[in-house]
Ligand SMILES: Nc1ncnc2c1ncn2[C@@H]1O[C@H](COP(=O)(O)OP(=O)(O)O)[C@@H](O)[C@H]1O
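Quick setup: one chain, the form predicted on its own, written in structure tokens, and binding and motion questions come after.
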Amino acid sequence: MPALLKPSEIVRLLSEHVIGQEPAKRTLAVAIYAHFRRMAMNAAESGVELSKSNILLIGPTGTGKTLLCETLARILGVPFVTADATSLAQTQFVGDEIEAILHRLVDRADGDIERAQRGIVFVDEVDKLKAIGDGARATSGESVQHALLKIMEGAPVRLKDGRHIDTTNILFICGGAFVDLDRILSRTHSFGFISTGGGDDRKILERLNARIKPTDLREFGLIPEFAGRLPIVTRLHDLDREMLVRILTEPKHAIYRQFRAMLASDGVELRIEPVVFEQIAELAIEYKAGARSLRGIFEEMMSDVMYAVPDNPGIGRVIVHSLFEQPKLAAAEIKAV
């Protein structure tokens, strides 16, 4: 079992790789801390059987849901796999697909069942499993929710190789955009608010009133049992221009750092003017894909540079003044002795 990190330590480590989304980081950090404390206490037979709390991440595409989960798994040193709820809904053999997800988790654990049983499974696009309306799509979505229920709450699953994996201690994190949820919230949160008193902390009351309730998720289209297996719900918000610029430059493995390191290995210095990062961010906002489009835009900007540098050993500097101008290729600066 990984060393138990404090929530503040988890947030600090997450922030080295994920820009912004501070409330979601804090919620995840506390949930992870509680999850591993639960596992340790249950293993020690403390006399109190602690239940697992799976997590639901709600936010538009490109806001960092998958990155948060991947980074968490890396920090904790546990195996991690992703699954697509849409793909599950499109298959006739949901049980086989779920078994395949767990088999991939075992593969990520290098075949170690015990280690796999402490891993993380991220199921994306669960909002596509809406059990509302008529027809095959609604029926399929509901059947997938029912199929996921068993492994999310904890059960032994037989793999094709004959071994069994117990999902009791596997943490399931679900994600989705939940596009119509705000419309539901605007209606259901317009009444039934917790009233305030003179000595009450307004921040706490506002947080409680803004909380996404199981009834909201049920109205959206999640069946009650499935919504009940996701007691921890947190939201990720759209990334603005400033956050997108920071994503390009600040994280430990930011794409700008990656290209600087690649070119430095060829003895080439990369300089990009600050306005370029703002231009890339603005274009990404136009694409409406969040941070997902940043790498593609950056790679396209650097394509001619990466083509030219290996054939021209005299290039010592690459300077990018604008996204809409060709990068300037120059000889290395001669420093005065």
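Keep in mind that what you see is a predicted model, and the values were worked out from it rather than measured. Start at 1 with the first residue shown and count on from there.
Just so it is clear, the following notes concern the form predicted together with the named molecule, a form of the same protein that is not shown.
The contact residue chosen from 271, 292, 38, 26 relative to the named molecule in the predicted complex is 292, the criterion being a non-hydrogen atom within 4.5 angstroms. Put simply, of 18, 323, 10, 315 only one has a heavy atom within 4.5 Å of the named molecule in the predicted complex, and it is 18.
Within this chain, residue 126 is remote from the site of the named molecule in the predicted complex, having no heavy atom within 4.5 Å.
Using a 4.5 angstroms limit between non-hydrogen atoms, residue 52 is distant from the named molecule in the predicted complex. By the criterion of a heavy atom within 4.5 Å, residue 72 is excluded from the residues contacting the named molecule in the predicted complex. Contact annotation for residue 116: none of its heavy atoms lies within 4.5 Å of the named molecule in the predicted complex. Look at 300-308, 27-35, 271-279, 53-61: in the predicted complex, residues with non-hydrogen atoms within 4.5 angstroms of the named molecule sit in 53-61. Contact residues in stretch 65-81 (any heavy atom within 4.5 Å of the named molecule, taken in the predicted complex) are 65, 66, 67.
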